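Listed next as structure tokens is one chain, alone, in the form predicted on its own.
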């Protein structure tokens, strides 16, 4: 029996890590690059609509949603076959979107008409249109699904929206050109990146006040080169990765002390980020070098560059 237990332990230890699919939207190529997280190679390149940008995988991992911004729709792909199943109504120029836990509602930022479209994906029916600031982009839903947040690039605000009534309940002024928003796992705080302002604002979800502004001082770079955009937070809420745009770096931020632990050099013009579910790897979409950088999360080190299509912008990982 003892020998059997030892053999079982050895078998578990020797088992390879799960492989995930990484999906990258190539804004100028009108394609989606599919990457295997085990081999770190491209397995497929799929044609998409014009100007694909925001991208997410359904909670069950069966569907891939992609904003086809210049076609005013959201394309739905079968992840098993990567065949296009249908195109959903989205409102004009969808850029980024959030999804509820059930996977049946999308919250879509419509850049051209200053609104958020709430869409029932089963019925392909608009549930609500919520007026927000000029050039809405970033979308985040609180972990309990009660509060929706949109960031408007020109109005420089984070708009807090009741996810049941779809009414705005507050507006928080942040620095110039807010691009992305993410809640902490416990829902107590919201992080908002401001591209032109060069900062990340940490906002209390309870009283909607800014509790901290994080500034980045990457060695050898001017302030103008440091432009925070995409962010990803670890599941324990302790670490936030921030894409710094033309700084060609990802900042590693301690989410509790707000100290910057490290800057990791990646490809040119890093836009958005995706963590694998096991948090082994972080993938970065690098818009000007047309590639994806793979970061070993434990080592906080870039380990590989993977070619993608022209102008990769969005990146998402399969959930399981």
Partner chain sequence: MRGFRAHKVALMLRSLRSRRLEARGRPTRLSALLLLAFATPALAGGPPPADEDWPCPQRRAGAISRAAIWAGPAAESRWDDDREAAALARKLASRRTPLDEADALIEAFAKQAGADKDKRLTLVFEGTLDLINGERDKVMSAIARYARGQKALAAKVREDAEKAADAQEGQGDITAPDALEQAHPDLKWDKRIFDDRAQTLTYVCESPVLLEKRAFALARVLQEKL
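Given the structure is predicted, the values throughout are model-derived calculations rather than measurements. Residue numbers count along the first chain shown, from 1.
Form predicted in complex with its partner chain: not shown, discussed below.
The listed set 186, 236, 224, 209 contains one residue whose heavy atoms approach its partner chain in the predicted complex to within 4.5 Å, identified as 224. Among heavy atoms of residue 219, some come within 4.5 Å of its partner chain in the predicted complex. Though the partner is left out of this view, residue 248 does reach within 4.5 Å of its partner chain in the predicted complex, counting heavy atoms only. Remark: residue 27 does not count among the residues lining its partner chain in the predicted complex, judged by a heavy atom distance of 4.5 Å or less. Residue 49 falls outside the set of residues with a heavy atom inside 4.5 Å of its partner chain in the predicted complex.
Against its partner chain in the predicted complex, the set 266, 288 and 305 is in full contact: each member has a heavy atom within 4.5 Å.
Listed stretches are 63 to 71, 29 to 37, 272 to 280, 258 to 266; the contact stretch with its partner chain in the predicted complex is 258 to 266, by a heavy atom cutoff of 4.5 Å. Residues are counted as partner-facing when one of their heavy atoms sits within 4.5 Å of its partner chain in the predicted complex; in 84 to 100 not one qualifies.
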